[in-house]
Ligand code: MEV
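Next up: a single chain in structure tokens, the form predicted alone.
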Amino acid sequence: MATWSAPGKVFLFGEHAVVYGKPGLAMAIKPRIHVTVRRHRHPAPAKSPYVEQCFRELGVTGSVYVMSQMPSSAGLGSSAAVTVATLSATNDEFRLELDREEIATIAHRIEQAVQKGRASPTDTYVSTMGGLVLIMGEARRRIPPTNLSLVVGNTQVSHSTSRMVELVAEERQRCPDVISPILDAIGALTLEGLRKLDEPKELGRLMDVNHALLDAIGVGHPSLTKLVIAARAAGAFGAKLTGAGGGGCMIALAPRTGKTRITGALDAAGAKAFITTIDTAGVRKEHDA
């Protein structure tokens, strides 16, 4: 058998704007999903459509055990992590000799199949490669990592990524002269954020602006607003939603000595919060039990 794990991700800047070719900045984070694959002629049916599609894509059958450290449907890339870890474990167990680029490409294809064409290649690329990833149109590349202290707050409000993407598209079609410049501004914030990665106070201020712009295009939610305000009041340099919005998670950029205080403030505001930072490893092999 083979066991591999893959990290989740957050968007520091640029969600929704990347759909329209604007720059975005995503980061792999420490919570991981572990997947063990074992050759098996007559395995039980996979409970995950992503796992099932992985086996179908690679033309093999096996048994699977999944252990997750992160919530699903919360905007942290859990489906991408499951897909990437399953592909990598299957690749190892069946000696298929796929490299990381191939894993990322196949993982995106699987997510597209399961999500009916609505999946972005960003989540699967970040989960495979790890680190800090700059998205520029169709291009994705790793940039030098920065050790940012983040607190993630899960609103525990479920959301639909595809519905949020559709909502922005509808708003853009209805009011192009209003929504398009906001998406341009979000893209500009990404590039400014790149220049301020070593200046946490300024980076946090830019995150605050990004959150306000995401609110303006209609992907905010009262629960997200509550957590963002709580994080800022507890001393965060900045806070914003991450991912599709409409629920899910937010992130707060924390001073090195303020992480616990911010986590407590988010929990008190009704969230499930945890502290995290960058994961530079990407998908990796784990020691088999």
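All of these numbers come straight from a predicted model, not from anything done at the bench. Note that residue numbering follows the sequence shown and begins at 1.
Omitted from view is the form predicted together with this ligand, to which the following refers.
- In the predicted complex, G248 stays away from this ligand, with no heavy atom inside 4.5 Å.
- Taking the partner from the other structure, this ligand in the predicted complex has no heavy atom within 4.5 Å of any heavy atom of I278.
- This ligand is not shown here, and in the predicted complex it never comes within 4.5 Å of any heavy atom of A185.
- The closest heavy atom approach of A169 to this ligand in the predicted complex falls outside 4.5 Å.
- Candidate site formed by K9, V19 and S120: every one of these residues places a non-hydrogen atom within 4.5 angstroms of this ligand in the predicted complex.
- Comparing 95-103, 186-194, 205-213, 157-165 against this ligand in the predicted complex, the single stretch with non-hydrogen atoms within 4.5 angstroms of it is 157-165.
- Put simply, of L253, A230, V51, A244 only one has a heavy atom within 4.5 Å of this ligand in the predicted complex, and it is A244.
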